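A lone chain, given as structure tokens: the form predicted alone.
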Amino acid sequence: MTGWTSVDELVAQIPDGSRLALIRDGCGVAMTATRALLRRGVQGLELVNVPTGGMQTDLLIGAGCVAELETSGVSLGEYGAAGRFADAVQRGAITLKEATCPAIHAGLQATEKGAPFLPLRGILGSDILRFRSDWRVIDNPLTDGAADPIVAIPAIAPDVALFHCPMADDAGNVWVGRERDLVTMAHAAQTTLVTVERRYAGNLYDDATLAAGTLSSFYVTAIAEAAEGCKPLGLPNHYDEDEGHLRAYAEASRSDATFAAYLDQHVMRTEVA
């Protein structure tokens, strides 16, 4: 049965060196849990962005927690470049596995379905194939002699998936709403850790309007309550992002010194986003 726990105990279940799947901005980024993970001093993470990264990824890289990153892109959106990510790539401080959004989804779906790979066509002829020796161009085995190349995308199997949702019930079922990527992440990961805004009184599956957007406790390892757990990012239909904070973070991410000051003020010494 899924266990309810504290945020600190939740992130204690993310070992050093974990392959950690993280959702894109605006879809339930677990920022309260990320700050707790940073305070714990986690090391050697292999991040998988689903399918892109933002402030969460940039923070973890800037704090020296990341060894490898598989992503379709890392950006702070309208606030500018992700400074710590850009600096780490330029210095060769992390191993970067460039991907595309469909390729990330295909890799996770392969694991979800118990398959070693899933095929894609859209990246045929692109330069990205030169940088991904693990993506193989093969002949379609279902054609009869005619040339029909496809790209085999290996399964992506995260050790841990981490995200934030509006609510979960006492049985450990989590309401993800329309964010279906969270379901795919949970299906593919060995461990799924979730923070939520609140506990739901009753069973989510008993409400016909909520059941379709509910992730079964079968796929959830642990849950922690964390009100406003996405801040300074937003959670759709609950609260908006903090534009001033995100603008300030974008500025702080541009250098080692200003980032270190941000980390000390907003992560290490306080839990105020």
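Each residue number is its position in the shown sequence, starting from 1. Everything numeric here is computed off the predicted structure, so don't read it as measured data.
Unshown form predicted together with another copy of the chain; subsequent notes refer to it.
Another copy of the chain is not drawn, but in the model of the complex it has no heavy atom within 4.5 Å of Y239.
L118 belongs to the set of residues with a heavy atom inside 4.5 Å of another copy of the chain in the model of the complex.
Contact annotation: D134 falls within 4.5 Å of another copy of the chain in the model of the complex, judged by heavy atom distances. The closest heavy atom approach of Y200 to another copy of the chain in the model of the complex falls outside 4.5 Å. Against another copy of the chain in the model of the complex, the set G114, I150 and P154 is in full contact: each member has a heavy atom within 4.5 Å.
Look at 55 to 63, 30 to 38, 226 to 234, 203 to 211: in the model of the complex, residues with non-hydrogen atoms within 4.5 angstroms of another copy of the chain sit in 203 to 211. Contact residues in stretch 173 to 188 (any heavy atom within 4.5 Å of another copy of the chain, taken in the model of the complex) are W175, G177, R178, R180.
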